[in-house]
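Next up: just one chain, as structure tokens, the form predicted alone.
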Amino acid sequence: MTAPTGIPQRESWATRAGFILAAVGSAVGLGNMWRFSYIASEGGGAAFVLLYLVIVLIVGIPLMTAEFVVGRMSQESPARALKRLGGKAWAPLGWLFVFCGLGILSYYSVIAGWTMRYAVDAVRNAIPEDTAAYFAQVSSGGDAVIAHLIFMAITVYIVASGVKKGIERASLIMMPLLFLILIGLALWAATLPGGGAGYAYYLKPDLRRLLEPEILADAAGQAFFSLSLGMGALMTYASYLKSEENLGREAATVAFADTGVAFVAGLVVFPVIFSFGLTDQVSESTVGALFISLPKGFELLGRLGDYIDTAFFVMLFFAALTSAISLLEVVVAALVDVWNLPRRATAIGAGAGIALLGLPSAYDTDILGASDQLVGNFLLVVGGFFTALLVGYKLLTQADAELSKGLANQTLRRRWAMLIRYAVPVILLGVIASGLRPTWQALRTLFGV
């Protein structure tokens, strides 16, 4: 595809590995490091993991493939692609993706700022013994604002540098390091005395809970959010693909890499919690274990704990940054495509606006939580639901032709079409219904109703 005269040639990935690692980086985030293992421990252990894998196969991979297909087929950001492919009626869906990327990043960067602060202080051996008081200090107010702004500046710098020199280069460095650190921590955790009880708690089988509606909703919601679906990030990344890669294979690779990271993270978190007697601190506060309990456990190891602490929070920082990059790229790509703006200036302007939008979340964690429920837990699923409808009912013929470029197996393509038309919309509609009440509460919190 050649750009019209006067419009810069659209960038593309230099390597398949760069695309895969960037897509995995988009999917792997802070939720993988704690939320998956926590929900598994509360939802039947191995039963939840089994159900989660089924959801990934039935919903995650088909919908991710659909996003990849639309992105590569259009060679445009969602804001333009959905209007061109689906017509004017589908243009709002593209802008919903932009809003989701903007909205999630505004509060996600606040949490990511915490991880950056912890990583820096861990390197300096400056995390105090009273981890609860320390977390209270850094999680809101002036300290949180400063960390939020610095983290956004780093994210802007990488996105402004472009697809090859910024996003791909950063992913090729950070993602392998993240994998190595995570595997090293899991091997270390396996040596902890009493860690076996943590594995049992994490993966205790309770197959009776497989059919509980709330467990199904949790598995679907976690799979959806964890895989970065419904926010346009993967669609945007796929728009930079120029080759005829097997998009179904790429979706499966990204999905299982993301699931593997989430699963292995649980093999780190729970042995530490049980080995150091921190089970009374395992609660519904998903940040409590990450930022209060685990640093307290690492403290008990003395000098070795300083190294483990540093590795753990550096890993969290990499996970947060790669996800943040993809969120900002959704917004920047849309503005560049629609109004033909220069990337660097657009990244700086969009980043500054998102940073300002995130200030309330930096000052008030209640606003942060309500924003997460509204955008991260509800609007993402809405976006995914309508994406399935668009691809499954309006673009299926074109999508099949695009998918066939790398996937010649017609039987597999036919099964994908059946899932994207029937199974995915039905399951996501159920998740949307289950999220109506908490989303209403989030709106009341945000608008003071």
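In this text, all values refer to a predicted model and were calculated from it rather than measured experimentally. Position 1 is the first residue in the sequence shown; the rest follow in order.
Only in words, not in the display: the form predicted in complex with tryptophan, which the text now covers.
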Heavy atom within 4.5 Å of tryptophan in the predicted complex - residue from S226, S361, S239, S293:
S226
Of the residues I167, V269, I104, V331, which one places a heavy atom within 4.5 Å of tryptophan in the predicted complex?
I104
Whether S326 contacts tryptophan in the predicted complex should be assessed with a 4.5 Å heavy atom distance threshold; does it?
yes
Quick one: is G29 in contact with tryptophan in the predicted complex, heavy atoms, 4.5 Å cut-off?
yes
Residue contact check: A233 to tryptophan in the predicted complex, 4.5 Å heavy atom
yes
Report whether the minimum heavy atom distance between L380 and tryptophan in the predicted complex is within 4.5 Å.
yes
Spot the stretch among 104-112, 158-166, 351-359, 334-342 with residues whose non-hydrogen atoms come within 4.5 Å of tryptophan in the predicted complex.
104-112
Partner contacts for 340-363, taking tryptophan in the predicted complex and a 4.5 Å heavy atom cut-off:
none
